[in-house]
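Just the one chain here, the form predicted alone, laid out as structure tokens.
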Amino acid sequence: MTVDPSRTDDLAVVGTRRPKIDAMARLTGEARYADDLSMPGMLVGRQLRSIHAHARIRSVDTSRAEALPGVVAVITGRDVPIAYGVLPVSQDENALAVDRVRYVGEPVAAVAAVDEETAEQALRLVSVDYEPLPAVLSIEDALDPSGVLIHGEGQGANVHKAVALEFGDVDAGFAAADLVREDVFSFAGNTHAPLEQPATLAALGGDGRLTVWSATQAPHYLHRALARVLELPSSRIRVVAPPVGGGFGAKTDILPHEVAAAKLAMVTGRPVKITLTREEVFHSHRGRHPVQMWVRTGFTSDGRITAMHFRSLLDGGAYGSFGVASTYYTGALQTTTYRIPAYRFEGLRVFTTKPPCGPKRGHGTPQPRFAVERHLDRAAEELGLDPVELRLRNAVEPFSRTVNHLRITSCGMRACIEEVVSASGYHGKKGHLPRGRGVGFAVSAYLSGAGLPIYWNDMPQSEVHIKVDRGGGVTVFSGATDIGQGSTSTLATIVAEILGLQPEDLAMVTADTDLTPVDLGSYSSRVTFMAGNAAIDAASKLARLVAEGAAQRLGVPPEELVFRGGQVAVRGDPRKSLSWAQAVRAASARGALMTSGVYWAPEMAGPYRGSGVGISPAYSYSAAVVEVATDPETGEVSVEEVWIAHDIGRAINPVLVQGQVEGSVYMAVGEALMEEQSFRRQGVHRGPSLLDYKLPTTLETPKIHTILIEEPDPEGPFGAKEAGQGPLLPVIPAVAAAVEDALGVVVHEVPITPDRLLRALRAGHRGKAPVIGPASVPSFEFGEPERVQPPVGSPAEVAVP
């Protein structure tokens, strides 16, 4: 009996439209999220937050708070002095500020009390003596050599990470070009705004073991950080992720309240729960970096790219978070869509006294994708070429190598382009709609899981265990966290396909560091591809064990058996069969039915520092056409329709894929038109609430036409690739292009707010260029780049002379 995980024919449950296996539990309230959990004797935890963007802490007096009846414990930075960070290179954050605060809202102290009212009253009794320091609120501020250092003492530039890389001969590529074009772009920072506010419950058991239930996307990384900060053996800590009500990257980082709740539970000996208020969610942030970008590209007269130089400057906020990876990501994936024979990337991340930025859906790639797609629109216009044709002439080919050592396997980009252009009637609309209406077009690519773990280790990236009881009950154990995207249903579908069962027949145990094997988390669109392949490995091993037992009973070789419809039958003779339960009993006589499956990504990293960022076992591709209606009198923009095609490889469950694509479109519309995490000069957030921070509602959500392109990837589980993040990327530049088509305003900055659009229109009325966007980007001397030899078979070998 053999299983081919790449097969795409004769499938029973893979590819069928069905609800999530936990849909009813979530709809009826049976599912218990972190803030739903309670325990006897549970205390309420709250955090005191800084009122300054930047200040030294002279002292913290907690005596009055500790004396308040009902207060059980108060802790400060001296109680949790060990710094941590999700990346090994950025261990720079404390659960509670120790000697300095670096943004308004940074936690300084935490209390545990018998109820919420007492905890809030206690916070007001904690006295903090601050010495205010100058705030650093922009990239320009951060690069001022006369400014104050945020990390360290004295003055200087607040540079967190600077990188300069060159692949191929960029100067020669520009010299060979008929057109060399430069443009600058700006992308505002924005935040995730998940429906569920982060919450953590921590309890110390009678055996002295600490259990932490937290709304986290990455239980494994939280587990590691807690062991470090609390100085406990890993074996004495258990982390459980209950159902998560939306993550989008916000819950990938280790957040201060998680550590504070755990420490308070250790100090008090009682369960402690901390749930963030909506305002605190904005202060925790970890959202999209504000990025300034400069792009210079050479083209031949027929539109073929000869070289590209891309520069990005990121405002990282107060701490490292995922920032080093974010910096590399702003430059890594330009080459996965277009054949670029020579490429130079310069990236810079700076510290500022604002909440730290981190990973948000698409992690570091929506900003450069906006810049590159808008830049290509400008070039197409100058060359007199159709923007669609320009993309097609430069499109990457399947099973190729990029100049920066990325491995392309399957690639449905051309099919995505052709489908959306045809379905939307793009060519008949562009430039032909009435004033105020317009269409825009863009493409993108994204990862199917990061090729390397966050810290170096020799573990698989994903593991899945399966156990079968003697009655035929199947339990699947996976460390992957379902953050609403349906990963638990996806894994159940994959296992059910191989065992001939239905997804709802399986019991799923997920995201519990005591019960499940290690999975690195729900980020970088890795679960379907990586945990899915591990599930195939485990299920295939289990199927072989069951087949051996059933074959003996049926008197045929195991290879002659097939698993389908709850039966284990002889191929070609379904009358000779056993029910699944009968087959399991036969196999159980030979020993316990337990298997383990693993997934290791292939070795893909290039020969340069930072090459681990951007590599992936497979890339998904998307193309979008957007139609907008605008009001030149008010500056309002309405996205009317979106045609989006996504190269999914193979849809394990088309309903879930469609939901992920539509969610990406919805989020992209918000980022394109209204979402912006902005601050006053004193570092105070302008609107830390869902009344002030504008999000699209159902009324602003456009009609979405989702087209799934299924070109199975040879390494994906049943050919599948990612669906959760890639479809967001092309929508934002397509909205900008549509606004430009509608009103003739050049859009090089998002969000495209009414005030920005009106200013550009008024400038046009005064005879100036109607432009939304920066005139330049901050200057920084990157120095000589590291020069990297392109791989064999990359576009550098076929560069246009």
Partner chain sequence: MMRLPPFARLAPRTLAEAVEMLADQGPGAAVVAGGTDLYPNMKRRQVEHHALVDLRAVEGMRGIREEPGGGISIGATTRLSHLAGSSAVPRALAHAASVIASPQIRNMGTVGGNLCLDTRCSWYNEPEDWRTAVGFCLKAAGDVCRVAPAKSHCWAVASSDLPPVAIALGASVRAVGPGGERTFPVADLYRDDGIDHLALLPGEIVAELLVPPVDGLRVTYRKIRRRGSIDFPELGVAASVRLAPEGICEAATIVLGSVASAPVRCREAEDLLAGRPLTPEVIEEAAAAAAHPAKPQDNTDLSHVYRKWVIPIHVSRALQSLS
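Given the structure is predicted, the values throughout are model-derived calculations rather than measurements. Numbering follows the first chain given and starts at 1.
This next part talks about the form predicted in complex with the partner chain, which is not shown.
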Interface residue in the predicted bound form among Arg590, Arg236, His427, Arg124, criterion: non-hydrogen atom within 4.5 angstroms of the partner chain: Arg124
Check each of Glu120, Glu548, Glu389, Asp302 and return the one that places a heavy atom within 4.5 angstroms of the partner chain in the predicted bound form. Glu120
Only one of 55-63, 739-747, 767-775, 753-761 has residues with a heavy atom within 4.5 Å of the partner chain in the predicted bound form, and that stretch is 753-761
Could you tell me if Glu633 has a non-hydrogen atom within 4.5 Å of the partner chain in the predicted bound form? yes
Could you confirm whether Gly687 comes within 4.5 Å of the partner chain in the predicted bound form, counting heavy atoms only? yes
Does Gln682 reach the partner chain in the predicted bound form if we count a contact as any heavy atom within 4.5 Å? yes
Met674 versus the partner chain, in the predicted bound form: is there a non-hydrogen atom within 4.5 Å? yes
Pick out the residues of 222-258 whose heavy atoms come within 4.5 Å of the partner chain in the predicted bound form. none
